[in-house]
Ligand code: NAD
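What follows is one chain in structure tokens, specifically the form predicted on its own.
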């Protein structure tokens, strides 16, 4: 995306990573009139999306950026981003002056390193991780936390606005990924302690629905009591769409940031330890809300 351009409906957007979050995001973009060139390393995912109007599935990374005014990455971690950009050569194929937007959850210091490498090719890298999960991606209600030059964000704010209800400039390159990790440390920690409290109340004989009504009108409320328990835990579907191990990865990024700054993270480290134990005992593909099931196993009580 050149300095003066503003990708609008009809513009070509490259998109790498068409999984749980990438698919609904691409559908939002095509629904808004963008022409998306999409790629995923998994052939079955490419095949599943081959009939989406406005989406051209390509077989290689070099094809993703052809004619694209911006390219979005929705990948699980910094290792995947580095591999796509450097090992697989995507960075070498990007034209001078375009913007590259990393919307996954990556390590801030690695993001800064990759931004420097991109800058040498006159490519601007924005980190723009999101909060809101699969449902937020589907409905365009994500919060997008953007790190990087503000003028480059302004040039693609309309594009990002299709995906999120809030598009916030949070600082220089790496700031978005830092804030996302810190947010997820909070989210994971209050899910854990909220669940311990609700399970204790259940064991005492309190109705979980009644507890949630009271807590959500009181000072103990959180995103876990207002959203995760009513939508994913009580119905027993555990279908937030965000994996437990991805949550743990973000938590570790956050506590490492605190450690690197010389700050204590006593509760954060304790929470990481408990989530790590849950990750060892739950299935590889466990949703992060299944940490409640792990707690139940240790209390030998089921939530109904």
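Positions refer to the first chain, counted from 1. This one's a predicted model, so the numbers in the text were calculated from it and none came from an experiment.
Not on display, but discussed next: the form predicted together with this ligand.
Undergrad: Choose from 119-127, 71-79, 221-229, 201-209 the stretch whose residues reach within 4.5 Å of this ligand in the predicted bound form, heavy atoms counted.
TA: Checking each option against the 4.5 Å cut-off leaves 71-79.
Undergrad: Just to be sure I understand the contacts: of 105, 187, 194, 115, which is the one whose heavy atoms reach within 4.5 angstroms of this ligand in the predicted bound form?
TA: Going through each option in turn, the one that passes is 105.
Undergrad: Please determine whether residue 39 contacts this ligand in the predicted bound form, using a 4.5 Å cut-off between heavy atoms.
TA: Looking in the predicted bound form, residue contacts with this ligand include residue 39, since a heavy atom lies within 4.5 Å.
Undergrad: Can any non-hydrogen atom of residue 84 be found within 4.5 angstroms of this ligand in the predicted bound form?
TA: Close contact exists here: in the predicted bound form, residue 84 approaches this ligand to within 4.5 Å, heavy atoms only.
Undergrad: Could you confirm whether residue 215 comes within 4.5 Å of this ligand in the predicted bound form, counting heavy atoms only?
TA: Residue 215 lies outside the contact set for this ligand.
Undergrad: Is residue 164 near this ligand? Define near as a heavy atom within 4.5 Å, in the predicted bound form.
TA: Taking the distances in the predicted bound form, the answer for residue 164 is no, it never comes within 4.5 Å of this ligand.
Undergrad: So which residues in 112-147, when you check this ligand in the predicted bound form, have a heavy atom no farther than 4.5 Å from it?
TA: The stretch touches the partner through 130, 133, 134.
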